[in-house]
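Single chain ahead, by itself, as structure tokens, in the form predicted alone.
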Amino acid sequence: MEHVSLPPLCHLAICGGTHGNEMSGVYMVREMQKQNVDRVGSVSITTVLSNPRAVDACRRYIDTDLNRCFTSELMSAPVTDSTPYELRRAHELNAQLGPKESREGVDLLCDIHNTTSNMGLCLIFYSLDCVPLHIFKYIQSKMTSTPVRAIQLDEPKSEAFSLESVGKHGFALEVGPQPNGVLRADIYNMVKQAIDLCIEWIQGFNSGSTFEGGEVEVYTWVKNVDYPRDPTTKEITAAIHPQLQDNDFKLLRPGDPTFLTFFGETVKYEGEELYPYFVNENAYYEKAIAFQLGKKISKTLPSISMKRD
């Protein structure tokens, strides 16, 4: 099987509050800063509260979604007085943690998020990068009492829109269910354990350990599904069906209930068998997304170790 050798991962960035009402990352970053955690063994750690104005307001964002501001095109656009706050903040984060697609960027960036959906612990990353896949495999092997899954986004680096794409390697840690503006101890502890295991994996990698390859299962996005809507007012006319609610990553088959109209009628799924996730995510109402659908595929991982001089 193929083997990959990579430079050491010396600089880790841990970010929270990219969405200001997702509290696990906010409190994780604040606690690490309070304890002055800036190095663990061979790893230098930078902690960042990504969107401080949104955190202060306990809102997802102020002007626009910060986690959609990091494409190469947006990063190269000039900043003016009329530039939305989050886009100006994205440029600041890119200067601090990147620049994106450069040799100066942090070696690994982990951006902590919460979802109101019942997704457990989920790593989200872009394709063509085996580092987050190996970290996912490691966390999954250690957190056996928690559902640990991975979603792979098929976007080239230049079109990657989220904060983790600023680092040389990166992933978003999506954990739920947790309501917006609320901190749950069980969810926070899941995040803390995952962060600790991520650092543990980096330490092993930097010390010269070889991590064996193998097969891992990941989900890849296929399409978004909107709520049923009134054709005139565009208001939603149904809610997520109770049989779908809280059943993220459970295979959805033709004929399965998806929505329950406000008049009590069941809307059934039509289409190929796929896996739903971000089911009834609070923040996606404004994006006209009731849930996303993806395929589950098997990925073959090469073994990986640190490149020696």
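Heads up: residue numbers just count along the shown sequence, starting at 1. Every value quoted in this text rests on a predicted model; they were computed, and no experiment measured them.
There is another form of the same protein, the form predicted together with a further copy of the same chain; it is not shown, and what comes next is about it.
- A residue is said to contact a partner when one of its heavy atoms sits within 4.5 Å of a partner heavy atom; V43 fails this definition for a further copy of the same chain in the model of the complex, lying far away.
- Contact annotation: S127 falls outside 4.5 Å of a further copy of the same chain in the model of the complex, judged by heavy atom distances.
- Shown alone here, D154 lies farther than 4.5 Å from a further copy of the same chain in the model of the complex, counting heavy atoms only.
- Looking at Y269, you'd find every heavy atom of it more than 4.5 angstroms from a further copy of the same chain in the model of the complex.
- Only one of 172-180, 81-89, 127-135, 101-109 lies within 4.5 Å of a further copy of the same chain in the model of the complex by heavy atoms, and it is 172-180.
- Comment: a further copy of the same chain is not present in this chain, but in the model of the complex one of E265, D38, D246, E273 has a heavy atom within 4.5 Å of it, namely D246.
- Looking at 257-288, the residues that come within 4.5 Å of a further copy of the same chain in the model of the complex, counting any heavy atom, are L260, F262, F263, N280, N282, Y285.
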